[in-house]
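Shown below, as structure tokens, is a lone chain in the form predicted on its own; questions about how it binds or moves come after it.
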Amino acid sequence: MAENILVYVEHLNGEVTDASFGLIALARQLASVNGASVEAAIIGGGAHGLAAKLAGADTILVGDTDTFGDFNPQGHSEVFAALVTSREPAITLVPYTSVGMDIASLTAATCNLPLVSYCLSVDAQDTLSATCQLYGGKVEVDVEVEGDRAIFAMLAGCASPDEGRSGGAGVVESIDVAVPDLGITFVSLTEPESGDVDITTEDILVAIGRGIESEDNIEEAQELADALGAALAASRPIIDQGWLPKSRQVGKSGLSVKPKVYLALGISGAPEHLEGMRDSSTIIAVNSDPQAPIFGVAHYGWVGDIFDFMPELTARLEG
């Protein structure tokens, strides 16, 4: 079986994403078991300038080209698939993000390799296997791969991004980028407008989900946030209803946050939401469903009605 582990490095606006650093940290953990080498592939404009930040990898494979624009799923996946074919890694790690979903599926199809998605962890000691989430995180399953090579799409939080930033000086190796005939053209990157509060810089967040039930009840959550000296955030259903602006959304399609305290009220804990907040220092969850996935990442939890919890805590804080 091939010994190397290959990581797809995602970058945006001239910065390597935390999800990518987390995968490098995971790759190092796996490599320490069987003596494998860790290779990181970074493709696209400005790749050479970012290579120095990937010190956690033994080898950095750089495909620097402006041809694809900021991101082109067809172009990036064809270059990455060529690397998977030539390097023959036993384990290929891709972040399970909006970018990684395209890269993982297209590369797996091109290389005829099994793809395992929604992965929380990977084990390669005897056979290749992974622990994955199903049904919005309510079920965890162990998946064993047939064969000795596979692609794993990893959920955020599989390893600490900070651990992936440290290490020695990896060997930088430029790769030839054969530009395919592209049927997809990058037009522009549209980012949400900045709001009145930058939730990514707040020390305390009070986040609300479907359990808030109606827009009229948000005022009660805001009163609790004010008493805590916190900012109010939300899961995607609240934003989709138009009850709070996009700048308050936590999750894969919103913002990633790492406050000292994250108080989740009426949030079930779908993987897309957990991706944006699981690295918070202290997570406190309140939900009436004892099986809610949010309790799987929470440091403290209370099973009950948030409308009993909110006024009681607010009164104590103001008293």
Partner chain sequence: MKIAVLMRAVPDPVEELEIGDDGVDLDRDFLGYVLNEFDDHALEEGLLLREETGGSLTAYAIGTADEVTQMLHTAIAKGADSAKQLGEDLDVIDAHAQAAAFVDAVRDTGFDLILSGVQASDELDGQVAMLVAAALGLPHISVVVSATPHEAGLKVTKEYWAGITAEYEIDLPAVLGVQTAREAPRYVAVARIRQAQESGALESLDLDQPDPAGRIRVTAMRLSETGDGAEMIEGDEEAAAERVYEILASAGVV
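Numbering follows the first chain given and starts at 1. For the two forms, the rigid core is made up of the largest set of C-alpha atoms that agree within 1.5 Å on superposition. The structure displayed is predicted, hence computed values, not measured ones.
One more form of this protein should be noted, the form predicted in complex with the partner chain, which is absent from this view; the next part is about it.
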Report task. State the residue from Asp126, Asp196, Glu219, Glu146 whose non-hydrogen atoms include one within 4.5 Å of the partner chain in the model of the complex. Result -> Glu146
Report task. Quick one: from Val172, Val99, Leu244, Val177, grab the residue that has a heavy atom within 4.5 Å of the partner chain in the model of the complex. Result -> Val99
Query raised in the report: Can Thr282 be called a contact residue for the partner chain in the model of the complex at 4.5 Å between heavy atoms?
Result: yes
Query raised in the report: Does at least one non-hydrogen atom of Gly167 fall within 4.5 angstroms of the partner chain in the model of the complex?
Result: no
Report task. Report yes if any heavy atom of Asp66 sits within 4.5 Å of a heavy atom of the partner chain in the model of the complex; otherwise report no. Result -> no
Requested in this report: Using a 4.5 Å heavy atom cut-off, state whether Asp58 contacts the partner chain in the model of the complex.
Outcome: no
**Report entry** Answer range among 247-255, 24-32, 58-66, 40-48 for contact with the partner chain, defined in the model of the complex as heavy atoms within 4.5 Å
**Finding:** 247-255
Query raised in the report: Going by the partner chain in the model of the complex, which residues of 107-125 come within 4.5 Å of it through any heavy atom?
Result: Ala109, Asn112, Leu113, Pro114, Leu115, Val116, Ser117, Tyr118
Requested in this report: Determine, after fitting the two forms on their core, whether Ala36 shows a C-alpha shift of 2 Å or more between the shown form and the other one.
Outcome: no
Query - Threshold 2 Å Cα movement between the shown form and the other one for Ile204, core superposed - result: yes
**Report entry** Rigid-core frame, C-alpha of Pro290, shift of 2 angstroms or more between the shown form and the other one
**Finding:** yes
